[in-house]
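Quick setup: one chain, the form predicted alone, written in structure tokens, and binding and motion questions come after.
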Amino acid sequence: MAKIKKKIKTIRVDADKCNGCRACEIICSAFHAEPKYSSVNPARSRIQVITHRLRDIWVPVFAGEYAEAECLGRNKYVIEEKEYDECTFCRASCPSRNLFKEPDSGLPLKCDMCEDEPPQEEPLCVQACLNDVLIYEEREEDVEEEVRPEDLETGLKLLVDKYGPQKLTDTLIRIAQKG
């Protein structure tokens, strides 16, 4: 496995500042409507605000990876004397609940950080958040990446086509001697 630098984009949530306005849900669902901005349906949003209105608790949770099976984790969390199970704050779309599933098709939803052409500076939910609850962060991390042999072969074939087998061989020998 090779270590590579990868740009990690994430949204940090400061739940203490959330007042439950749900502007993040509205802008997200409008952005992902077909055609874009043609409708608002928070059930299609890639961010959901989990609430306990009587206790004035609002926690934005954005959609993560799809999980094919229900998890075994059922830890309990107590926030201001109200008990929540782990599912409440989970970011996955999974078979045990309807959160982060497209309402018509049932397909899982995942936050795509509003990837668009031209690219947004920040995801729209971050831009729409008036209380600075959602904070966009980018950082580089070293990650292990598995190199598949067929990918390596494809890359080498392209280099051979571009530079010829002798130049590629000479370069590989030179790199190996330095390394």
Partner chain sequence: MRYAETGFNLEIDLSSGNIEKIETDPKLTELHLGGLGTSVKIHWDRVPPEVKAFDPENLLIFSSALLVGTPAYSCNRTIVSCVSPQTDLLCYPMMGGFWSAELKYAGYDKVILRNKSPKPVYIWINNDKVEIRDAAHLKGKGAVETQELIREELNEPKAQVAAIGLAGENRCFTASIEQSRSSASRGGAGAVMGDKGVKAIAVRGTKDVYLARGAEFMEHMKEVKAYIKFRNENPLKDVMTILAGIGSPQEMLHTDEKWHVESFAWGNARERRKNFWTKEIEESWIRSQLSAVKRLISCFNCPQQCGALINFGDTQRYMMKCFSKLTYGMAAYVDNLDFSWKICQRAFEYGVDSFSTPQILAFAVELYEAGILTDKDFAGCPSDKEGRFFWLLDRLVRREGIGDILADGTYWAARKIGKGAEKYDHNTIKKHEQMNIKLGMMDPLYYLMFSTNEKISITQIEGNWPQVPFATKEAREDFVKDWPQLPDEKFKQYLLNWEPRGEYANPYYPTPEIASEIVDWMEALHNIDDALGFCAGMASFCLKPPYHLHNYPKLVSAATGMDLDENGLRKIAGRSRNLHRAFNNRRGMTRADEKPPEDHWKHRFPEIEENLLTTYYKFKGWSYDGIPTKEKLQELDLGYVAEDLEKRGILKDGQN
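Residue numbers count along the first chain shown, from 1. Because the structure is a prediction, the values reported are computed rather than measured.
If you look for the form predicted in complex with its partner chain, you will not find it shown, but the lines that follow are about it.
- The single contact residue among V143, I135, A43, A67, judged by any heavy atom lying within 4.5 Å of its partner chain in the predicted complex, is A43.
- Among heavy atoms of D16, some come within 4.5 Å of its partner chain in the predicted complex.
- For the chain shown alone, A23 is a contact residue for its partner chain in the predicted complex, at least one non-hydrogen atom being within 4.5 angstroms.
- Although the partner is absent here, S38 is a contact residue: one of its heavy atoms lies within 4.5 angstroms of its partner chain in the predicted complex.
- Under a 4.5 angstroms non-hydrogen atom cutoff, its partner chain in the predicted complex has L130 among its neighbouring residues.
- Contact with its partner chain, judged by heavy atoms within 4.5 Å in the predicted complex, is confined among 23 to 31, 150 to 158, 106 to 114, 135 to 143 to 23 to 31.
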